[in-house]
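A single chain comes next, written as structure tokens; it is the form predicted on its own.
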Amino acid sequence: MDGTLFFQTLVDGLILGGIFSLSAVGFSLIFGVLGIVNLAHGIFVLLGAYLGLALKQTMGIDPLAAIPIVCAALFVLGALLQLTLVAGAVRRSSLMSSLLITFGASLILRDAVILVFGPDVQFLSSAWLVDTFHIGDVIVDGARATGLIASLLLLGLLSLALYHLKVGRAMRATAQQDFAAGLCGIDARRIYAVTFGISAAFAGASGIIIGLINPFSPFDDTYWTLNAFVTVVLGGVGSPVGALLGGLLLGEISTFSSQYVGSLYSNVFIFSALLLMLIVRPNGLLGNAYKGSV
């Protein structure tokens, strides 16, 4: 085995995994706090990329500088979606209702993106990317390195918010026992909306980072929803650290299988790892951050 190729693949997998982690952490939060599977997650990722593209084309704002604006816009959209459509499914505790509602929302939003931006493949560019550099014989692409740095910073901010801010403690309390949280004065309905908004915001931020690395189109939403689901199963529910570990593991599986077996077979290894995790440790590497591991 070529040592340089091995370490190049290892580094590429770590970078890809960091980006997977950011794209999945919102999915993990919703599943952990609300107990639903958000099939609209992937379209929120793409909405972030397209909003970054629109801000660059219309106002000349660099996509990386546009991340706070995109996060704010998608926070509002996510919270409104939860308050108007998803809340009913949460009240009924119906998995099927939540799947149908979020899937329908994803179709509507995808069609809206096609109507506004068209079906063509797009890409983002930024003047803020770090330069490509070398670590020995290993090449680290500047765009991917920038994406990894931004992903780690955003995951760190989310972790601080969850464990050190009042709203974060309220989210964790609601996830553990919403009735008891209500007795303590926590408005579960508001916390659900905030959680959905934060999920959409972080998905949008990841969309900008993804758009700087890979071309994107409105039809990529299913891919990112599926990646988020696999990441959460591998890493565990509700924790940024779990999302990071799951994303890193998924990134390494994807890059090593593509490099040494073939890109056509990477899904075989990804879903084999998924099935193995479901059999051996159903709650993921770190378990459920809110309810404990098994």
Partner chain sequence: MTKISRRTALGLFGASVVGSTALRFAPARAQDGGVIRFGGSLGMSGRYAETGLNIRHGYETAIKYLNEEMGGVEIGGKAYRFELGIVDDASDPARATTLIQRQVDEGVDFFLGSYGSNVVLPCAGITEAAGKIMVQVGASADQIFTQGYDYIFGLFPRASRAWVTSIELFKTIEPKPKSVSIIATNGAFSKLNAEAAAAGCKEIGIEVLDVLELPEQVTDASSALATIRSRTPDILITTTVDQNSLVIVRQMIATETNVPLLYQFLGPQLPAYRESLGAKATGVIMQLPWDASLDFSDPVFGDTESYISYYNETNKRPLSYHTVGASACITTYVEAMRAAGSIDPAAVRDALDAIDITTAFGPVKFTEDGDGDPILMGAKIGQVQDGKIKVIFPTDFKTGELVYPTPTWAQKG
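Numbering follows the first chain given and starts at 1. What you see is a predicted model, and the numbers here were worked out from it, not measured in a lab.
Keep in mind the form predicted in complex with its partner chain is missing from the figure; the text below concerns it.
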Here the chain is shown alone; which of G168, G104, G182, G142 has a heavy atom within 4.5 Å of its partner chain in the model of the complex?
G142
Checked L148, V86, L109, L124 for heavy atoms within 4.5 Å of its partner chain in the model of the complex; positive is L124
Based on heavy atom distances of 4.5 Å or less, which listed stretch (73-81, 217-225, 190-198, 94-102) is in contact with its partner chain in the model of the complex?
217-225
Given that its partner chain is not shown alongside this chain, does L162 nevertheless sit within 4.5 Å of it in the model of the complex, heavy atom to heavy atom?
no
Quick check on L154: any heavy atom within 4.5 Å of its partner chain in the model of the complex?
no
Wondering, does G204 line up within 4.5 Å of its partner chain in the model of the complex on heavy atoms?
no
With the cut-off set at 4.5 Å between non-hydrogen atoms, does V268 touch its partner chain in the model of the complex?
no
Partner contacts for 12-31, taking its partner chain in the model of the complex and a 4.5 Å heavy atom cut-off:
D12, L16
